[in-house]
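Take a look at this single chain in structure tokens; it is the form predicted alone.
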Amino acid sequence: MAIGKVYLVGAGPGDPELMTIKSKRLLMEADVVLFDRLLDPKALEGIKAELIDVGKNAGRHKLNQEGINQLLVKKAEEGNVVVRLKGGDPYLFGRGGEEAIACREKGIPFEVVPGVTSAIAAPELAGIPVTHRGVASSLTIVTGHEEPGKDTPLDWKAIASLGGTLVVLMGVSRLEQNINALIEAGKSPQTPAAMVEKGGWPEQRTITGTLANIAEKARSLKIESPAILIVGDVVRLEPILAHKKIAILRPEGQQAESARLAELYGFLAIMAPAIAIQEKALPGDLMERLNDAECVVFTSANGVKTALENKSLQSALAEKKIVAIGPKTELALAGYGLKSDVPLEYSSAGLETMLKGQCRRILFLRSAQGSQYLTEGLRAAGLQVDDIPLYEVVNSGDPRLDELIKRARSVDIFAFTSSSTARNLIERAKALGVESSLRQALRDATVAAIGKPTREELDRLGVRVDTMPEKFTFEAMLQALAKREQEPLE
């Protein structure tokens, strides 16, 4: 039997998109993949190889290092192409050298595929360049969790005397001891410091402070492994260079496009649907009510999709004046070959101005929870309004929302695109028993409302609103937020 080969592959800091082209190709070609815990599960999607989890936590090993070495050799001796997939880079505190030696001793061919190390990637993803002209021209990387009984332990006095930037990997469990060692060795307690948890993952979060208080902040905010400590003046660049994390609470069908837009405007998108769309049965007298109307108003792309699955409704609408609230709604209607007009202002006043003298009987096709201020304003102006609910907005039940709520203190911006996203977020936090923690996160973060009804609902819920765009669209809200972020720091 032909002998196999072992590839020691670095997976980078966590985001599968930060893996190298070669690492992805080898994963698709592998017969066996041994992987560790510092990986996003998405990195293994679509792989047909035998997958073996050999992940190690501090003090909890699925398989010790000697066992991993033996398994690599055994699988290769069976003629397999074996990928040992490791977080970060295999040779930077990844024990890849030990695995390579084990292969060499048994005559197993091996190859190392470098990965982006979290020592550089995690700080830069958090807005902290590890070197910066005029600030730091050197970088020191050390482990924060040494093997017990080493003959040559870390010389913290020498490390403390170095200039530039210090990055401590794998040091969460010994954070206070390591910081105390630095201070006792002469490092100023006022030296800027930061911790980046899960760098490159969707739930990445950053805390900043000084050597004097960073351990207490990490403890109070429950920073967990994997996380790294950065020490040095480069930490002062974080408020300038960090991309803000924005929570997108829209339904699943709008998440991908919303995240793409958010990233175009320089934000890091956290996809956490707070609501879902549940279609309602169309009323039996729908066509009769449609025939009575002179104008039909759609308030969302979701309403367009729900209504126009009915082919007879498509034909009847072709004879009506159609109004779309917002460009996305207009675009959705155009996809069905229907032309619509968009009011300059998405309000009852805007609709009244557009429809004045053209029609007096208006039919709304929209959500059952649609804002009543539109219809009430039109009725007050003497127009006849009929309102047909096409769908219900319900709680999403999405686990990503629960994860967002639990880590709400790491969110910089909450983007509320409807009254129901606000209500459901608060209600879900209450059900999880963490409402007070979420409310504190909302107080600390920037809160954006897409329009007046959403703002009014947030006011009712006791949530301060910082930003509302003049034009009530998601992109306009992103533009307003980006402008706010560009204002000079005080």
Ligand code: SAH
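This is a predicted model, so every value here is computed, not measured. Note that residue numbering begins at 1 and tracks the sequence as displayed.
The form predicted in complex with the ligand exists for this protein as well; it is not shown, and the discussion that follows is about that form.
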- Note on the structure: Exactly one of 250, 407, 198, 245 comes within 4.5 Å of the ligand in the model of the complex through a heavy atom, and that residue is 198
- Note on the structure: Heavy atom within 4.5 Å of the ligand in the model of the complex, from candidates 127, 370, 343, 87, belongs to 87
- Any idea which of 114-122, 386-394, 321-329, 180-188 reaches within 4.5 Å of the ligand in the model of the complex, heavy atoms considered? 114-122
- Please check if residue 194 has a heavy atom lying within 4.5 Å of any heavy atom of the ligand in the model of the complex. no
- Message: Even though the partner isn't displayed, in the model of the complex is residue 225 close enough to the ligand, meaning a heavy atom within 4.5 Å?
- Response: yes
- Query: Would residue 336 show up as a contact with the ligand in the model of the complex if we use heavy atoms at 4.5 Å?
  - Reply: no
- Task: Tell me, yes or no, whether residue 93 is in contact with the ligand in the model of the complex, where a contact means a heavy atom of each within 4.5 Å.
- Result: yes
